[in-house]
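Next up: a single chain in structure tokens, the form predicted alone.
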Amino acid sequence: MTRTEIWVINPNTARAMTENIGRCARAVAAPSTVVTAVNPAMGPESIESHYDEALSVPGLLAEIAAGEVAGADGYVIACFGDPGLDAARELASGPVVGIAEAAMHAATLVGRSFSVVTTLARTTGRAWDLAARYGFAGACRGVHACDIPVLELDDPSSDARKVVAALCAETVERDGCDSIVLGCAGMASFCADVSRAVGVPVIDGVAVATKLVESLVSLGLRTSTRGEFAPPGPKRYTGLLRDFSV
């Protein structure tokens, strides 16, 4: 059986979160798939604003470049804002899938509607934007925040899992949605517990994106380079970005 190597990139710098994301990806990967979970050496420790998201992209792209050198077959961007997704597709020779895009696609395959349960209220607009961009605005019934910071999701002393499960159950009743999309990679390990608690499919984008990349690689499908996703042309970058020259 052909070996497939998928790099799962957490765009923030929290190593403990990266390790948790890696475990969740490996739990669904095929035996012939090697999952390498990485995070940048530079950038925000968590991504909870447009500012954080913008400053996470250079480190993310550096990891894509490193994966290309190492021979990665495909990539998962493990942040629900799907930061740097288009730029990553320009750089990568294999498929790149963001977890929000993957989760929303999966939700529409298991029901007519879905709602998103995410972290902070200030990030809900971004989730709505992505639902519209990916063509799922009509299927998305709501976006709801538990108001738990990203890094607290990994804290064993936190009651985050219970809070998220309760909000998911409330959301199903309020929105009448057919499924729940978990709106943060830090919630990946909650998926099975929350699904049992709420009685509808609960979708973790890390798992879905891992399987999508795996499938695309096995089918020989990769990002088209015909138009806007062609590799960027040669250009010199200066200052802090001098190492990003292509």
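Worth saying up front: this structure is predicted, and the values here are computed from it rather than measured. Numbering starts at 1 and runs along the sequence shown.
There is another form of the same protein, the form predicted in complex with a small molecule; it is not shown, and what comes next is about it.
> For the small molecule, considered in the model of the complex: do all three of N20, A25 and A207 come within 4.5 Å of it, counting heavy atoms only?
Looking in the model of the complex, the three residues N20, A25 and A207 all stay beyond 4.5 Å of the small molecule (heavy atoms).
> Is A185 part of the interface with the small molecule in the model of the complex - any heavy atom within 4.5 Å?
Output for A185 is yes: heavy atoms within 4.5 Å of the small molecule.
> Please determine whether V76 contacts the small molecule in the model of the complex, using a 4.5 Å cut-off between heavy atoms.
No, V76 is distant from the partner.
> Can you check whether I47 is within 4.5 Å of the small molecule in the model of the complex, heavy atom basis?
Because a heavy atom of I47 falls inside 4.5 Å of the small molecule in the model of the complex, the answer is yes.
> Is L85 near the small molecule? Define near as a heavy atom within 4.5 Å, in the model of the complex.
Answer no; every heavy atom of L85 is more than 4.5 Å from the small molecule in the model of the complex.
> Can you check 85 to 93, 67 to 75, 159 to 167, 117 to 125 and let me know which stretch has heavy atoms within 4.5 Å of the small molecule in the model of the complex?
Heavy-atom contact with the partner occurs in 117 to 125.
> Go through C146, A131, V143, V150 and name the one with a heavy atom inside 4.5 Å of the small molecule in the model of the complex.
It is V150 that has a heavy atom within 4.5 Å of the partner.
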